[in-house]
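Take a look at this single chain in structure tokens; it is the form predicted alone.
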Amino acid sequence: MNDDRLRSKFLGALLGTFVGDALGAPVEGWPPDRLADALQDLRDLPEGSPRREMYDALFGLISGGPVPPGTARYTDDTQMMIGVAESLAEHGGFEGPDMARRFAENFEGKRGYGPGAYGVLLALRQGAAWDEVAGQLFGGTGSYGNGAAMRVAPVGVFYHDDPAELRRVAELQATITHTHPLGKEGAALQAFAVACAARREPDTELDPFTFLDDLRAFLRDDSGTYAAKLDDIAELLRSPVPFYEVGEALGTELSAHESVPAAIYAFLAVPHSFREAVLYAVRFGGDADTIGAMAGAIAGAYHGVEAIPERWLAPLENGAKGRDYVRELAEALCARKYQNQSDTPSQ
């Protein structure tokens, strides 16, 4: 893969997270049937009509009209992804205290953090050890929510060529907020899905079942939960059903073992199109911003940044750590990857 192509995939994964997050945020928590009815009403309108553009961008479902540039906001998904990427780009690898510090410094409660993560990040701000506080949640079992998976795209592209290190770093970054085995395995699986997408070229047909085989071989899932979900994805791909039935089968809520498989399915159902994959993910409703962010990361890593519609990029917020910053951060992360490779002695 040439340098320009890999750079495009880094940009696609990070900006794809941002886009999917922002597209899903206005419809987070919507029941799939209500969301399906709203989208169908808009889909049936003529191309070019203002309300058809609402379908194409989804933001308008809430705003009631065109979205001005720079006003579509990201949630905790993208904010924490930024922290992961900042730390990896700075250090060229995982540094727990630094990544935890960045999570705490970037933290804005209004971005939609769950109560568990909210408490962890406040504790980190007050000096708690990066690898201790999260293990105290839920009576010591830790969280199996999707917070560690939603932010992991930078790990997936940075270690796309090193599955062992990818798993190690995906699990370590998860430990800052999510210590339950299902939460850590969900983060590792999502990171590896991004890596598998980054290693493939979109100008050749993607075989979804080979992709799933690669994911199965990567799993270290003692409970069998994720293996069963991957089997469910394969069966749903062989015998397609309406998307709301897919959501019912895989789950669309906050747990990692529901939302990560839903995002993977959305990508594999329509791998030819970044746009269609993200729309499919958001249409699930439920935790739509996170499923959209994760599907956007996988599809962005596969297709590259050129596949992201400009009309989806333009509305993204663009403050101090907005759209342009995320683009620059992806460039810096890619440059650090090349630096690491050049610093590695040849065998």
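All figures in this text were calculated on a predicted structure; none of them were measured in a lab. Numbering starts at 1 and follows the sequence shown.
Below, we refer to the form predicted in complex with inosine diphosphate ribose, which is not included among the displayed structures.
K.L.:
Although the partner isn't part of this model, could you tell me whether residue 163 comes within 4.5 Å of inosine diphosphate ribose in the predicted complex, counting any heavy atom of the residue?
P.N.:
Residue 163 lies outside the contact set for inosine diphosphate ribose.
K.L.:
Would residue 173 sit within 4.5 Å of inosine diphosphate ribose in the predicted complex, counting heavy atoms only?
P.N.:
Outside the cut-off, so no.
K.L.:
Going by a heavy atom distance of 4.5 Å, is residue 138 a contact of inosine diphosphate ribose in the predicted complex?
P.N.:
Yes.
K.L.:
Within 4.5 Å, heavy atoms only: does residue 115 come near inosine diphosphate ribose in the predicted complex?
P.N.:
Residue-level check for residue 115: yes, a contact with inosine diphosphate ribose.
K.L.:
Choose one stretch from 147 to 155, 187 to 195, 85 to 93, 219 to 227: the one whose residues place a heavy atom within 4.5 angstroms of inosine diphosphate ribose in the predicted complex.
P.N.:
In the other structure, the partner sits against 147 to 155.
K.L.:
Taking 4.5 Å between heavy atoms as the contact cutoff, choose which of 254, 133, 269, 236 touches inosine diphosphate ribose in the predicted complex.
P.N.:
After the contact test, the surviving option is 254.
K.L.:
With inosine diphosphate ribose taken in the predicted complex, which residues across 284 to 310 come within 4.5 angstroms through any non-hydrogen atom?
P.N.:
The stretch touches the partner through 287, 289, 290.
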